[in-house]
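Have a look below at one chain only, the form predicted alone, in structure tokens format.
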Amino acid sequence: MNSLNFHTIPWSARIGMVMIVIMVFLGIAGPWIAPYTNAELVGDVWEPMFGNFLLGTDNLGRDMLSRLLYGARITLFIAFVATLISFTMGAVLGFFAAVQKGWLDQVLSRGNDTLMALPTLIFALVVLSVLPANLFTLIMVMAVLDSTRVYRIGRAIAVDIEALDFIEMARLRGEKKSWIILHEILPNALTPLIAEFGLRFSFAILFLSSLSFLGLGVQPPAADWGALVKENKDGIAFGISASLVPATAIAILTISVNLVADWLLSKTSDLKGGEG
């Protein structure tokens, strides 16, 4: 396999990488570079952009730039942690089901199909309306729901790899199933899983924004980008663009992640074609 050369990366993926780095930097450094605190009232309601404040003010007179920077950290943190947990759960169970086979594979797969058959947003709204409204509950609900998709993909990849000759050789050597999963299946499944991680991360951002827009995501006074859209949505009727600022940030981040994920998926397809 040829080493990765930056010059071979398409411009779309490069742009996506640059925007992701910028977003991550803003998420990490946001509270230090924000001109005001998250909940500080600094002006009148819905002041225009490029006036006294670069991005204007929100529905309570708080600086939109500061709210956006604080919201970047919350949005990225929740989406990343939820995606990481979902991939850990889904991939481990999917790999184990593919290697174990038999009744355990059937139980896990049928249970996974049952969860996937439920409308994701409605199921999340029901669960979050019953359980305590805190960050841990929100992350775990997102992770469990998304792990069903990861399970299906992980199991499908593992089934293909498990049928290859070097897996049979490992069994003949007497290797344990856990060793086969960690040392044989996981390294060969890593590239498509990384690409899928980007896609699921984009979904997590949109899903979190949807929950916050409906009032069951991040609770005030903290706010992710979806909550910022909700807080300022009434201003659209008066020509106020405050809600468009966080909505644009959500769009830029999800598009950037998808650009990189699409490139990784194309790399995976090229590798499969080369092996064929």
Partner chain sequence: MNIATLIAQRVALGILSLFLVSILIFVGTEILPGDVATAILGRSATPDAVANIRRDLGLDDPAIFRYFHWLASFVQGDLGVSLSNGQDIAQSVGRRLQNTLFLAGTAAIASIPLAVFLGMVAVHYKDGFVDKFISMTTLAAISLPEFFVGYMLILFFSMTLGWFDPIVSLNDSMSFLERLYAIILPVMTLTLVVLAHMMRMTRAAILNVMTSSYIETAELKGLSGGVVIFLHAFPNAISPIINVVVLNMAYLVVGVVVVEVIFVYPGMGQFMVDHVAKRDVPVVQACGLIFGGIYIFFNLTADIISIISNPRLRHPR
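Positions refer to the first chain, counted from 1. Predicted model only: the values in this text are computed from it and were never measured.
Not pictured, yet referred to below: the form predicted in complex with its partner chain.
Contact between Val126 and its partner chain in the model of the complex is found at the 4.5 Å heavy atom cutoff. Under a 4.5 angstroms non-hydrogen atom cutoff, its partner chain in the model of the complex has Ser209 among its neighbouring residues. At the 4.5 Å threshold, heavy atoms of Ala247 reach its partner chain in the model of the complex. At the 4.5 Å threshold, heavy atoms of Phe238 reach its partner chain in the model of the complex. Here the chain stands by itself, but in the model of the complex one stretch of 101-109, 178-186, 116-124, 78-86, 116-124, has heavy atoms within 4.5 Å of its partner chain.
This chain lacks the partner; the member of Leu131, Val92, Met169, Ile194 within 4.5 angstroms of its partner chain in the model of the complex by a non-hydrogen atom is Leu131.
Shown here without its partner, the chain carries Val18, Ile22 and Phe53, none of which come within 4.5 Å of its partner chain in the model of the complex through any heavy atom.
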